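Shown here is one chain on its own, the form predicted alone, set out as structure tokens.
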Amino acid sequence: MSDNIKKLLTIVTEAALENILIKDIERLGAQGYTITDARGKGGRGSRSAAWDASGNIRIEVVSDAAIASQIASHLKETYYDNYAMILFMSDVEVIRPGKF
């Protein structure tokens, strides 16, 4: 596999978790992340895109496979039972591989 292929871990969850998830993501080795507001409907109902504790956020982390898997496992074990959260992972080709 090319050095340009990384994993994109996408987390959609409650905005109230933002600060604690940032700490988890950084502690587990991610070099960076992107956070955007999100809205939609799922198993726990509808969420608006308001930037407050009742909204949802989408966090994207591009990293190597080991770090992405470690973050995903931690989040699943720690938050899935008590918070609205989905995780999905895909391969991405990065244009500036030195950043990751």
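Here the structure is a predicted model, which is why all the values come from computation and not from measurement. One-based numbering along the sequence shown.
Omitted from view is the form predicted together with a further copy of the same chain, to which the following refers.
> Hey, in the model of the complex, is I25 touching a further copy of the same chain, heavy atoms inside 4.5 Å?
I25: no, not in contact with a further copy of the same chain in the model of the complex.
> So, I67 and a further copy of the same chain: in the model of the complex, are they within 4.5 Å at any heavy atom pair?
Looking in the model of the complex, residue contacts with a further copy of the same chain do not include I67, since no heavy atom lies within 4.5 Å.
> Residue-level contact is defined here as any heavy atom of the residue lying within 4.5 Å of a further copy of the same chain in the model of the complex; does E93 satisfy this criterion?
Flag for E93 set to yes.
> Using heavy atoms and a 4.5 Å limit, would one call G29 a contact residue for a further copy of the same chain in the model of the complex?
No, G29 is distant from the partner.
> Which residues, if any, of 7-33 lie within 4.5 Å of a further copy of the same chain in the model of the complex when only heavy atoms count?
Contacting residues: K7, L8, V12, E18, E26, Q31, G32, Y33.
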